[in-house]
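Below sits a lone chain in structure tokens, taken as the form predicted alone.
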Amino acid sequence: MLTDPDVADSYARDRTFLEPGKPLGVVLAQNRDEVVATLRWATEHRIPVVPRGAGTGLAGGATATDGCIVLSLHKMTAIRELSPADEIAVVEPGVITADLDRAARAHGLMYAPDPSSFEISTIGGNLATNAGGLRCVKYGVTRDSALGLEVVLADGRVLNTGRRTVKGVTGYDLTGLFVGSEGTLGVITQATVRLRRAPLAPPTTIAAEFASLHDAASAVSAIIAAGCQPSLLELLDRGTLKAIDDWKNIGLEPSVAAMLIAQSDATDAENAARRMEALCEEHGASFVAVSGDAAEAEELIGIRRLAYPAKERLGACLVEDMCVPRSVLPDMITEIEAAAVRHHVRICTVAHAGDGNLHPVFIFEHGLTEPPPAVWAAADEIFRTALRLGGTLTGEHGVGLLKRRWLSLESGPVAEEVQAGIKQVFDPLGILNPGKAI
């Protein structure tokens, strides 16, 4: 139990600009029983509890509230089981995402979800937000890999959900309910996750440059419509590329307005990559390169993973992650660019383009604890556009605190009433991560 205010403050924040509340202290839980004891005590004394993993969240979901206990799970790092025969792993919530993937690859398997923060984010945090990542265009998001959970409820009872099998429909899907619930229904202390066979050969990678962001987005829509089934399809705008180039000197040419990075790990990866190459050229690519070299592929993916830290160097960041149907991705891109001009706001956009999942990052002055009004106005316009185009407010970061102002626009009164009822069942005193998600 940490009670020194300065130390506790370091556990009170996530990766957003939000100024957290002042917690009573921080519990560094090392096993399930310590989580149980903490929640029983919190229920008895009516004390709010904010669960957290590594604090890499981008929506304010793990920020402390005044007078709460921060329940940190980052010391629960055991991979309890890894079964190549069943293609599953049983892990504690503090396991780093990349560490699980590396453990699986030693057996010819992989853990498919790979958020850009995979080297620092935890499985528990990924489950709490239903994180996606670069490979989700083919392999799905965290919920698609979650088979079963051990969850400690607000009153300290232990609930086991799901199964070890790939199929199962006994009762309601409580596993799916807890994945993405942002710590508002219970605290995950163990997860049974699905592993997949790792590709036998390195993927074939393409990198395409475009003079127009709209053209790059149109190429994405064409690639998906043509059934190329990429295992990765990422889009970076010029603002993002410029931020990376200023930092790492990647040799960005003045004419490049967008870059598309795609991969195929299929058995006919070379043919799939050539089809994607042709579609990029048909939609205005000024340059396309195809490579089967693993080192070159890793270098390109490394550029993509630098996107957010490169933008953090430019200022404070409001990071959003709306998702739209892939067929309207070019329209959404156009609207983001127009909103930036109308409101005189700096927006740098990357996208898990194969999913229609866009990350417009609104950059403003370092040191501010609240974005300027123009940033909120631009964000409001962009979110409303995403909903109008049939999209959603968040594809993988969660609602947290930052998106609650728009939640009713998507949910509607009936859904809000049902969700409040679910919250009441699992957390009748409202002590679990209050004010977040719903």
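All residue numbers refer to positions in the sequence shown, first residue = 1. On a predicted model such as this, the values are computed, not experimentally measured, just so you know.
The same protein also has a form predicted in complex with a further copy of the same chain, omitted here; what follows describes it.
Note on the partner interface in the predicted bound form: the residue among 367, 251, 254, 171 having a heavy atom within 4.5 angstroms of a further copy of the same chain is 171.
In summary, among the residues 244, 136, 333, 89, the only one with a non-hydrogen atom within 4.5 Å of a further copy of the same chain in the predicted bound form is 136. Partner contact region in the predicted bound form: 180 to 188, out of 180 to 188, 338 to 346, 285 to 293, 254 to 262, criterion any non-hydrogen atom within 4.5 Å of a further copy of the same chain. Taking the partner from elsewhere, residue 394 is found to have a heavy atom lying within 4.5 Å of a further copy of the same chain in the predicted bound form.
For residue 438, a non-hydrogen atom is located within 4.5 Å of a further copy of the same chain in the predicted bound form, even though that partner is not displayed. Put simply, residue 130 is close to a further copy of the same chain in the predicted bound form: some heavy atom of it is within 4.5 Å.
Although the partner is absent here, residue 407 is a contact residue: one of its heavy atoms lies within 4.5 angstroms of a further copy of the same chain in the predicted bound form. Along 240 to 272, these residues reach a heavy atom to within 4.5 Å of a further copy of the same chain in the predicted bound form: 267, 268.
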